[in-house]
Structure formats: structure tokens, C-alpha cells
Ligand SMILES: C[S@@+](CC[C@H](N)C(=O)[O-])C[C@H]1O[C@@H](n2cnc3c(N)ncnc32)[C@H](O)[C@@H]1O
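A lone chain, given as C-alpha cells: the form predicted on its own.
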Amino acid sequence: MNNKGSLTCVGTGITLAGQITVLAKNYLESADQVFAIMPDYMSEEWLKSINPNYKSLQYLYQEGKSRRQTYREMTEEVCHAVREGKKVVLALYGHPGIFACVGHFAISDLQAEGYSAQMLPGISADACLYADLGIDPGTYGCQSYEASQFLFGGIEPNVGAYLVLWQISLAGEHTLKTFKTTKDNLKATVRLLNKYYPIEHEVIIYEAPFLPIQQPRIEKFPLKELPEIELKSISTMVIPPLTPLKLKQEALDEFGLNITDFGQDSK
């Protein structure tokens, strides 16, 4: 076994070319082999300009094939190059470890075999969301779930905090063989959310801009209209708080405090 090979997973950020870190770019420039899973042709051409030893893994996606199988095939291709003794970089859109399992799989497999494998942080969609929507998660709190994970788990949200549902365009899709949900699934999503939020409660579809000249998509509408809204793979649904943060006296008792210390009614 040749343990001279190594893997570094880097994120390229959301906005093309402008959100990659200096450290991540340095690793890209010095790599023997760069693999990438990028959203479009422009991103791939930009990476090729940084390092011509580039190969896209997008070809492994096939209609009707489970994404579980696709991700394992991507992982194996990356690991194979490391086992050959190459200094490999895997470049992923956004943050390399958020909604991107290939990097996690490859690092786990290679570290178990004694290879050097690491992940560098990158700017992700949630960082863009906080900036574009003007949300400070420290003010109200923020719950963040993959949409189907939230729905299938029957999770009860804290309606006094923001609720962020990633990959809303796949809500209720469980086969992992398609990249789009159905209108019926979106209607079911509304029914489940309506247990906690009024049907008229305003929600937001957010999409981070890909190019510096683009503006973010920030579309606000009543919850009931979700099934009729155009959704893309990059669409995220944000549900603003329904109620103010409520303190509980039994919790404050542990700190020797009273609700009235915060100007709130004890009712």
C-alpha cells in the first residue's frame, strides 16, 4: 500500500469564483488530481483554469439510478487516485461537507486505510441565506432540516424560531432516483406544516445567487400556495417565527430567575 497519497476536500462557495478561500485555492493549484462535483459548465471551466488535471464526476449521475450507488461510485474513484499515491483534491459546490456525502465517505474510507484525508470549510448556502435575508440565528434561533427528513420524522418545530427546510424541491421524494418531487407531495407538505402554522402564514423561497451579477431569489407567499410555486434544486424554504420566544418559569427556576425579570407576563 502506498500511503503517500492524500485527499483534501474543499468547497468552492456558492457564488462563482468569489467565495473560495485562499487556502482551498492553494490546495487546488498544487493537486496532482482534482475531482469535482459542480453544478454547471462555467464552474467546471473555472476549475480547469486553476488546475488542468481536472475530472468531473458528474458523468456518474444517471436517470433512474439510485443516488446512493452514484455516491459510492464517486467515492471509489476519488479513493482509487489517492491509493495510487496522488495528492488529490475533491472540489464541491458550497461547503464540502454540507449536503455532500462523497467527501465524508472518502475521508472515512481513506483514514481507515491510513491515508491523510481532511476537509476544509467553505461558504455554504446557509451563510448566504443569513446574509441575504438579514437573519441572525442568535436572535430568534434557527432550526435546519433536510425537507424530507423533517417531514418523514414528524418533527415538531419550535414555532418561535426560524425553520429552514433544505431541498424543498425534493420534499417527500424517497426513491433517490429523481431530482424533483410531485405536486401531491407538496400538498402533503402543506398539510403537515399546517399542524403548526396557519395556512396564511408567510413563508419564503430562497435561492442564493450563482453569479456576482445575479440577485438572490427571495419570494414570499402564504404557506397554502407552496404546491403552485416554481421550485429548483437550489430552492430552500424558510418559515419565519410564528410567535415570540417564550420563557418557561420552571427552566428559569434553575437559575434563580423569574419571568418578570425579563419583562414578560407569567401567565
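Position 1 is the first residue in the sequence shown; the rest follow in order. Because the structure is predicted, anything quoted here is derived from the model rather than measured.
There is also a form predicted together with the ligand; it is not shown, and the following applies to it.
> Which one, Ile98, Ile135, Met119, Ala161, lies within 4.5 Å of the ligand in the model of the complex by heavy atoms?
Replying inline: In short, Ile98.
>> Give me the residue from Asn53, Gln62, Ser233, Asn26 that has a heavy atom within 4.5 Å of the ligand in the model of the complex.
In response: Looking at Asn53, Gln62, Ser233, Asn26 one by one, just Ser233 meets the 4.5 Å heavy-atom criterion.
> Taking the shortest heavy atom distance, is Ala125 within 4.5 Å of the ligand in the model of the complex?
Replying inline: Heavy-atom contact with the ligand at 4.5 Å: present for Ala125.
> Taking the shortest heavy atom distance, is Trp166 within 4.5 Å of the ligand in the model of the complex?
Replying inline: So Trp166 counts as contacting the ligand.
>> Check Ile14 for me: does it contact the ligand in the model of the complex (non-hydrogen atoms, 4.5 angstroms)?
In response: Within the cut-off, so yes.
> Is there any non-hydrogen atom of Phe35 lying within 4.5 Å of the ligand in the model of the complex?
Replying inline: Looking in the model of the complex, residue contacts with the ligand do not include Phe35, since no heavy atom lies within 4.5 Å.
> in the model of the complex, which of the stretches 79-87, 98-106, 150-158, 176-184 has residues with heavy atoms within 4.5 Å of the ligand?
Replying inline: That would be stretch 98-106.
> Which residues within 203-218 place at least one heavy atom within 4.5 Å of the ligand in the model of the complex?
Replying inline: Counting only heavy atoms within 4.5 Å of the ligand in the model of the complex, the contacting residues of 203-218 are Tyr206, Glu207, Ala208.
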